[in-house]
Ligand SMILES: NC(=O)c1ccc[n+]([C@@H]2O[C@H](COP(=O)([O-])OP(=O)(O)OC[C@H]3O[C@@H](n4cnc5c(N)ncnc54)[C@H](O)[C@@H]3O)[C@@H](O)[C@H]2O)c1
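Only one chain is included here, represented as structure tokens and corresponding to the form predicted alone.
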């Protein structure tokens, strides 16, 4: 185990958290999950009775609750995953997104620092780069977020870098689009979307196709957070890291999935206004941290296929797998402090 016996994982019941938390427990950490549990607690069924796991229900916007959490927890490190995830979800209600992805996130960072936490690992996103024409998108390029989600991820990085010091180590993780099976399965991420369509409908619908997309397996991104717990603080403090394995065009992904599934899946192409495209370089993490992803996109597709065959998921259209649909169906989950959010949706 690393030097951080007690770890807080915000949003730990989510897609990445449902893979990461069991790994932390296996390493001997005491783990506390702070989560609204809007998507339920079922993703944690495999570890819910673990003696070293504590589940705390709460909202990162609730300052009093967050302060009490840190006072009672005496955490050595924080892995901060909690947020409204992806562009479509963030666009549902800009005020809600501001309250969570900007105000709530920065509040957790400030309280963690004031509470004597040694290390905070922040889930940023490769989307902070916007659209880049350069051959390889590296960490030294200027950030140019073009969506609200990306904007607040970038602002979170700026805020964290402004409060790090010799006693408080902060690191931003600019992950590529995550893929693969997890107990809290998301089917609104590109590889997972295309694979689920192939399995559930027998066809893959590609919008555009020429856009380049970087990808990282959910197992690899989880392993990277653990890798950062063991990394030298002087090397990582105040740094941002791209984490990616393979870069493909969207059409290339569709063709790969078609090949892996080895069936008569058809590919249909439709136009799109989403022209975001970039080739993400992960050379920095390989050079400075000697981190090398081990799971391929092919493995992600096979994992999803295996889970589908084992009835671990069966309905592509179930709202629990799609953040936008779930948020629209459950607007009450986002009410806080007298504010009513998502009231203009179709929920």
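Residue numbers count along the first chain shown, from 1. From a predicted model like this one, the values you see are computed outputs, not experimental measurements.
Below, we turn to the form predicted together with the ligand, even though it does not appear here.
> Though only this chain appears here, would residue 285 touch the ligand in the model of the complex if you measure heavy atom gaps against 4.5 Å?
Contact with the ligand, no.
> Is residue 293 close enough to touch the ligand in the model of the complex, meaning at least one heavy atom pair within 4.5 Å?
Output for residue 293 is no: heavy atoms all beyond 4.5 Å of the ligand.
> Answer yes if any heavy atom of residue 303 is within 4.5 Å of a heavy atom of the ligand in the model of the complex; otherwise answer no.
Although the ligand is absent here, residue 303 would stay clear of it in the model of the complex, with no heavy atoms inside 4.5 Å.
> Can you tell me if residue 129 lies within 4.5 angstroms of the ligand in the model of the complex, counting non-hydrogen atoms only?
Because no heavy atom of residue 129 falls inside 4.5 Å of the ligand in the model of the complex, the answer is no.
> Since the chain is shown here on its own, which stretch among 35-43, 285-293, 311-319, 22-30 would lie within 4.5 Å of the ligand in the model of the complex, judged by heavy atoms?
That would be stretch 35-43.
> Is it true that 181, 213 and 244 each have at least one non-hydrogen atom within 4.5 Å of the ligand in the model of the complex?
No, the candidate spot makes no contact with the ligand.
> Within 4.5 Å of the ligand in the model of the complex, heavy atoms considered, which of 121, 253, 112, 176?
Here the answer is residue option 176.
> Please identify the residue among 81, 257, 137, 117 with any heavy atom within 4.5 Å of the ligand in the model of the complex.
It is 81.
> Would you mind checking 186-206 for residues with a heavy atom within 4.5 Å of the ligand in the model of the complex?
Contacting residues: 186, 189.
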